[in-house]
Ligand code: 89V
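The chain below stands alone and is given as structure tokens, in the form predicted on its own.
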């Protein structure tokens, strides 16, 4: 099968790393870049030897024959760009969060489905080797029945230095990181049936919340607490690592600092260090995350080539967005939100 031709729309902070990840993989070739700041697109095109660049997506679609687009822009532009791809009959990979609201995301999924086009989400967090290994342990049954779990993503890293636009988001940590962490909760433990969330804004110079705590509850009694913060100074401050503690009826497991996994059973501890691929192009501050992009994109391009099935289709990601926006609803109303999740839609109800 010939290489798939794609264009990347958006040439900001993440675009160069995402292009680098694409270069690690066979099966797809970037033929054009787009950015409103055309000089930024030109610079990235020169660096990665991409043959064409444009200042807007309409010009791109008029000039290029594409198999898919990779949308790496701010969330408020996603709906317009996905719909533009749909009108041209082109598949889309979209950055998270998929849309500015759950209803808008549902509309995009329905429109792409009706057009018969693949619509995938670049959700790389679950592809970290540490989290894949943890999932394998959970699947093995070693822990017995899982009773409760905690997922911590709490740091003091100056994330606004590289991405200053994040300061302007009215909805910040739940849309920026909650999309990742709540997806990890689904990946590891399944679908919640209710949630309760609280949020806080600790910094005075930002618009949205930088601290959130979400309690997820499953039908089988399992509860999962997700702690999110960019205002934490504590012993587990290892940006951008995610920590997980799981209690089971037969054993427990912890994913701790520096990719260490420990299993606790029968009074003994068995520990292992999970290996993470190293890439010369990865930013040392984000190396764990950048390496996960390669496996994520391998899964997505395999789907587009008909060789495998993507884990993070837009249809599946609706279930994660139901949690994200359900958390905002819960925090605003100080109430439990009950979730109804079907095969093609998700919605939340306060109680």
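Since we're looking at a predicted model, the values are computed, not measured. Residue numbers count along the first chain shown, from 1.
In what follows, reference is made to the form predicted in complex with the ligand, a form of this protein that is not presented.
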### Query
Taking the shortest heavy atom distance, is residue 156 within 4.5 Å of the ligand in the predicted bound form?
no
### Message
Using a 4.5 angstroms cut-off on non-hydrogen atoms, would residue 177 count as touching the ligand in the predicted bound form?
### Response
yes
### Task
Answer for residue 96 alone: is it within 4.5 Å of the ligand in the predicted bound form, judged on heavy atom distances?
yes
### Message
I'd like to check something about residue 286: if you look in the predicted bound form, is any of its heavy atoms closer than or equal to 4.5 Å to a heavy atom of the ligand?
### Response
yes
#### Entry: Contacting member of 119, 189, 230, 127, with respect to the ligand in the predicted bound form [4.5 Å, heavy atom]
230
### Message
If the cut-off is 4.5 angstroms on heavy atoms, which of these, 163, 225, 198, 104, is the one near the ligand in the predicted bound form?
### Response
163
### Query
Out of the stretches listed (104 to 112, 177 to 185, 136 to 144, 198 to 206), which one is close to the ligand in the predicted bound form, meaning heavy atoms within 4.5 Å?
177 to 185
### Query
Since the partner is left out here, which residues of 233 to 266 would have a heavy atom within 4.5 Å of the ligand in the predicted bound form?
239
